[in-house]
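Just one chain is shown here, as structure tokens, and it is the form predicted alone.
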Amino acid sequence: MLFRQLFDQESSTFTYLIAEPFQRLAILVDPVLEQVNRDLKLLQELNLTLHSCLETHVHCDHVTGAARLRAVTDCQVIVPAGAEVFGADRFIEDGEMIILGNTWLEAMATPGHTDSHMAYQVESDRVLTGDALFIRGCGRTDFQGGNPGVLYDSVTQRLFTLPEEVLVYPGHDYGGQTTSTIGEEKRANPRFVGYEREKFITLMNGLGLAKPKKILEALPANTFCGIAA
């Protein structure tokens, strides 16, 4: 398997490139519109054909590059089941798999940050956690159908039940960290260590965060796979 972690500085978003090395087929997870040229260049350099763009959720802090990448490469756009998105080629359900040769991803429903959110286990050794679980943090829960109790259950009952050595690759990072493990986050993530469910709900409801700068642009566009309405 070929695996790359790519970063968009403006939105602090990680995009992931996963490819099957023999058939040369690739998936881009959470592409960013402003980085489409970067991603196309990398695909060309690595002699890869883009099979699909895969979203963890409907983003509010950046516009997805999925529609533009589909227009150039004829790839599929895949979004989580239940997401209010128009124009997607496939809605992926909890437990469904994407298989490219010997490389596979499995969708794990992890709602709470938004009402339709997927993490993706990549083979047996890593998981793309989207905005459900960050390195020493987690996604906010105050809009887009977010629910702190549901997020707590998603993290503690789904992600934290994976083997402790599984590598964690988050959807964002705001402190210069790129990866962690399930075991590390269970022991050291300050949003969860020492917090029972009700205490976590109180914490998340009291954060008082400002809305993302691009929310008025990103949400309408991402409802159409990254095409402005």
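The numbering used is simple: start at 1 and walk along the sequence shown. Computed from a predicted model, the values in this text were never measured in an experiment.
What comes next is about the form predicted together with another copy of the chain, which is not displayed.
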Inset, instruction - Report whether the minimum heavy atom distance between Thr179 and another copy of the chain in the predicted bound form is within 4.5 Å. - result: yes
Inset, instruction - Report yes if any heavy atom of Leu46 sits within 4.5 Å of a heavy atom of another copy of the chain in the predicted bound form; otherwise report no. - result: yes
Inset, instruction - Could you confirm whether Ser12 comes within 4.5 Å of another copy of the chain in the predicted bound form, counting heavy atoms only? - result: yes
Inset, instruction - Answer with yes or no whether Asp61 is in contact with another copy of the chain in the predicted bound form, where contact means some heavy atom within 4.5 Å. - result: no
Inset, instruction - Given another copy of the chain in the predicted bound form, answer whether the residues Met108, Gln157 and Gly194 all have a heavy atom inside 4.5 Å of it. - result: no
Legend entry - in the predicted bound form, segment of 196-204, 179-187, 65-73, 50-58 with a heavy atom within 4.5 Å of another copy of the chain: 179-187
Inset, instruction - Scan 93-108 and note down the residues that get a heavy atom within 4.5 Å of another copy of the chain in the predicted bound form; none is a fine answer too. - result: none
